[in-house]
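Next up: a single chain in structure tokens, the form predicted on its own.
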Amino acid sequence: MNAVLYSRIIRPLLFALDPEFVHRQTIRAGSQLSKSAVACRWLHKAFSVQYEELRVEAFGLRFQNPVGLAAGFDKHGYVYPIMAGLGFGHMEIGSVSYQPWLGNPSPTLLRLPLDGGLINRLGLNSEGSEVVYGRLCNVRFEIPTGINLVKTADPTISGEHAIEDYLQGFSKFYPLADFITLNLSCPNTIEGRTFEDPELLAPLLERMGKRTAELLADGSRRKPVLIKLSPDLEDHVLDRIVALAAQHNIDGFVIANTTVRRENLKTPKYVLERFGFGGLSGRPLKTYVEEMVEKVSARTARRIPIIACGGIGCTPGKDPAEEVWEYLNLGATLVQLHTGLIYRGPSIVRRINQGLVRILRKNKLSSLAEFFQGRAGFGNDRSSPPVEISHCDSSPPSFTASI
């Protein structure tokens, strides 16, 4: 699909429809396409362009390119086969909670076309770990695929029960996933505290370390574990989380989740007030993500890989490859997008990959690997050599603004 065709014809038609309806139909259509080998091959031919120069190695995995699909699009593991066909270098499925959770009633999505953004209040709806695991346990992912985990959003699950809920999902998906991402920024107690609270995060990571040792002893291969952060964290909390991540050998950060801030929006205030609470993504989020990427990069001396997630492809007239390049220069190793896919259409990854190659040549760089080698402090001393991807050989038989 041509980018001009999408922006001038397809997107206006889609934006005239209810966003929840469009997303449901997109997932339904994608699920059917995913079952067809012919359709997947066609998508590869139409959209996927890969270049040797764009290959990236991070936390022990190899990526064909640095562009990934963020969690929130394929929440339940229905359309992962076609994402490789669109050219993505990796993706996340989820967020997945251990127990099923219905989430919030409609409306849960609001487009902000004047701001290139989206507000969601899905409420961490999930079909639950048993259903999602059953859908994925016998598949082989074409690209590195992470499972984004969250505590079941039931606010009555708190304290020790909240930690155990998280660990049950972790134990389920650790042998299956290429990497695990811990989504920490949803309310986890009746008081609304989250696992981004260092007092809650410390025991969770300690218990998770012990559970990992048990899984490895049972024959699982070691998998990278990442932490996904909120862009609304105060600096002193961020500092403590970064310290805990280093202490517990966390392999990377995903920056960031959606924001609750509403600054400098062009969307009329009455529209925002009528919709109510929710997490804001897209172009308005980008400034906060850039600030946090820079902060975490500096605090870790660029030794822990960062996946930058926020606003790519949501600024009219701006080349999304340039936006990716800006994130890489701020300290990111990989990027993810979701809202940009809505605003730019399925050709966005192809455009980014082609644009990154042009940028490398303009800067007289032979590859992203050369760029990273020249970037001060690049590298993760704890990372193991890149490994091949395999699956299932050792597998064990409310209220929120977050995706």
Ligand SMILES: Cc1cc2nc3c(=O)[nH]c(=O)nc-3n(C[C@H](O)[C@H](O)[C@H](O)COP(=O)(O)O)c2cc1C
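All of these numbers come straight from a predicted model, not from anything done at the bench. Start at 1 with the first residue shown and count on from there.
Here the subject shifts to the form predicted in complex with the named molecule, a form of this protein not shown in this document.
Q: Hey, in the model of the complex, does N148 get a heavy atom within 4.5 angstroms of the named molecule?
A: Flag for N148 set to yes.
Q: I352: heavy atom within 4.5 Å of the named molecule in the model of the complex?
A: Outside the cut-off, so no.
Q: Would you please decide whether I157 lies within 4.5 angstroms of the named molecule in the model of the complex, comparing each non-hydrogen atom pair?
A: I157: no, not in contact with the named molecule in the model of the complex.
Q: Determine whether any heavy atom of L109 comes within 4.5 Å of a heavy atom of the named molecule in the model of the complex, and answer yes or no.
A: Contact check for L109: yes, within 4.5 Å of the named molecule in the model of the complex.
Q: Exactly one residue in P144, G87, G72, G169 has a non-hydrogen atom within 4.5 Å of the named molecule in the model of the complex; which is it?
A: Exactly one residue meets the criterion: G72.
Q: Of A332, V79, V132, L118, which residue is found within 4.5 angstroms of the named molecule in the model of the complex when only non-hydrogen atoms are counted?
A: By the 4.5 Å criterion, the partner-contacting residue is L118.
Q: Which one, 295 to 303, 211 to 219, 118 to 126, 315 to 323, holds residues whose non-hydrogen atoms are within 4.5 Å of the named molecule in the model of the complex?
A: It is the stretch 118 to 126.
Q: For the spot marked by G94, T258 and L285, is every residue within 4.5 Å of the named molecule in the model of the complex through some heavy atom?
A: Every listed residue reaches the named molecule in the model of the complex, so yes.
Q: Can you list, in sequence order, the residues from 224 to 244 that come within 4.5 Å of the named molecule in the model of the complex, counting heavy atoms only?
A: Only a single residue, K228, comes within 4.5 Å of the partner.
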